[in-house]
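This document opens with one chain alone, in structure tokens, the form predicted on its own.
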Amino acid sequence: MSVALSRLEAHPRLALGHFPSPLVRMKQLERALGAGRELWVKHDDYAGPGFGGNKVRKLEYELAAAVAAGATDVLTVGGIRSNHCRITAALAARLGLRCCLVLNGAAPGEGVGEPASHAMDRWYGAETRYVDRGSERAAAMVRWADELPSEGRRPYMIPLGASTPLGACGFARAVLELRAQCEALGWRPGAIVHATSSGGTQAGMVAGLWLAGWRDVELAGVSADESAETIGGMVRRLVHGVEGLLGLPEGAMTAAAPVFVEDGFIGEGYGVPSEAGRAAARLLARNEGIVLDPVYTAKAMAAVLAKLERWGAGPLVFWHTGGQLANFQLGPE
């Protein structure tokens, strides 16, 4: 075992998710497309709790740090429909921690036109404050954290999406999980495609490909909001942070596994469903019984369909990062 891999294994982690998540071949989709390659899906939408998703892997590391620090409260930020906030609230409840969320947007009425994810925040017992804009969230979280010690509380802050070098370790570990599954099946992917936004998932995968020795596997992050330049910069900074955690020189991983972000499928903007995404979601539902979400995975799958033969050679793995609750709003309770 390499020194870097040993250091990854040594980092404290709470086993909170349902792993390994399933790896399933999408044979009906292959037939519908007349695909010239195998198509597989890595089901992190089954990762649970909190209805699953990619944030579980990151929070296994961040919440381990919170517990080690003796925290009584975990604070984080996101939008009204935030998958990250919902899953943080669920895992905090499981650990007996108070969850404090700073969300941008107007507070919805309970059960009246309320996003399902926001309703789950309430059901998990999270306390919530609201700000007008996303740019105001981090400062509001810091102010809230500063209030808590006077109440005898010990706060631990988790940045947006748990997209930190520590959180990214969850996806470095995830790629090693995928490698073990592929080796058991007797194949290796030519490409891995996933949705990307705050950069932590992609940074972890870049690190994981390096650790797995899969440096010829193409990794494509499909942006849900920002430009390729912006997300690429965030991913590289996070990878450099992972390198530091694992005792590697800066640039060791990105030199071997370049960061690629596809930003041609955002549509009209973050959280706005696109026609290509809707078509991709219908195709997956009708051919595989897989539900995508309109914010992230539908747009990522639209990119897969448009560029099916352009990314790598051999089997393609679509990493389902969850988020299906974005399809729903809660009616009157």
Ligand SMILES: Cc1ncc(COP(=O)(O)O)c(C=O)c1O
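The structure displayed is predicted, hence computed values, not measured ones. A residue's number is simply how far along the shown sequence it sits, counting from 1.
Here the subject shifts to the form predicted in complex with the ligand, a form of this protein not shown in this document.
By the criterion of a heavy atom within 4.5 Å, Lys58 is counted among the residues contacting the ligand in the predicted complex. Contact annotation: Thr196 falls within 4.5 Å of the ligand in the predicted complex, judged by heavy atom distances. Within 4.5 Å of some heavy atom of the ligand in the predicted complex lies at least one heavy atom of Thr321. With a 4.5 Å cutoff on heavy atoms, Asn83 counts as touching the ligand in the predicted complex. With the partner left out here, the ligand still marks one of 98 to 106, 247 to 255, 197 to 205, 183 to 191 in the predicted complex; by a 4.5 Å heavy atom cut-off that stretch is 197 to 205.
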